[in-house]
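Let's start with one chain on its own, the form predicted on its own, as structure tokens.
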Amino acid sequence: MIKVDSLVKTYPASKGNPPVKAVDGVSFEIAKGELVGLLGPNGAGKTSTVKMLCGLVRPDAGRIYLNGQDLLAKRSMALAGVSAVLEGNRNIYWRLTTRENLEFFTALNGQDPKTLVSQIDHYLQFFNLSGKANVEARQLSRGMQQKLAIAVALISGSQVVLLDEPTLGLDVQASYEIRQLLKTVVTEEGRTIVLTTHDMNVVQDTCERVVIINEGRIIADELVKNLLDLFRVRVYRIVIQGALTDEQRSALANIPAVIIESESPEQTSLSVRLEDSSVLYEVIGVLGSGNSLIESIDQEQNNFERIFLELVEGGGHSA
């Protein structure tokens, strides 16, 4: 459904700042019915990539194919089967009711809302919005607004749905509901969904596959399960009293298996990956050299957030 080949995008210099190469040779393919996470730290190039997929930003080089159609050569045909929710819930009209939003966007797609009453009712029920059908969008909770925004993207019948941070700013329950709904959409309707997110729980719980971008380049394109298996080693969390000395901080920086998770005058937390048990003794030796008092050493369950940090800091992974 999606093929991206050697995308490049450089933004020109402005106000004395040099040009910025946001995307540097990005390539990937996404099959029909996949739910893929597009991840990367701020400034990594993922938003520029999504905007190029939407046709909002033109690449300097490379090609994009959507359902077999060349986006640059046949823009209208390529985008006919694509819908997107960018910048949260801003694709809905605040003064229209929930039902009126769905009717309005149905009409924009050239369909008669009167002939699609059952489909509109279906999405109202699917997103648990039936009880709010006649409530203006501005009066809905943030979670309900986000669900309405996704429903608006789906009502067009598009086979490719691009979602930018679909759970950003939501409480735990609303985030969980949307994650479950997205998985159901892929399973039952066969849609292809690409989502960007900073929430690692969303990736681990929702996506089967992840594409990680850093500094404009892909550093990992792999099944989430495979990445978890690859990095499944013992991980320990060490908490000490007080802050590290400059000498300790310098020594720990030379141990790749160590991440300083937090540091304050009161307490410092370290994460240590034990591919080799000698690493733990080395870290304890560094801490002892500064007379640091260890409060606790606990084994942790590896998770996708840790994997993401290690890939970004370590320069990537070849699938």
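Just count from 1 along the sequence shown to find any residue number. Computed from a prediction, not measured in an experiment: that's the story for all the values here.
Missing here is the form predicted in complex with a small molecule; even so, the following discussion is about that form.
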Residues in which of 261-269, 61-69, 42-50, 278-286 have heavy atoms within 4.5 Å of the small molecule in the predicted bound form?
-> 42-50
Glu165, Glu177, Glu103, Glu222: which sits within 4.5 Å of the small molecule in the predicted bound form by any heavy atom?
-> Glu165
Does Ile297 make contact with the small molecule in the predicted bound form, using a 4.5 Å heavy atom cut-off?
-> no
Might Val20 be said to contact the small molecule in the predicted bound form, defining contact as any heavy atom within 4.5 Å?
-> yes
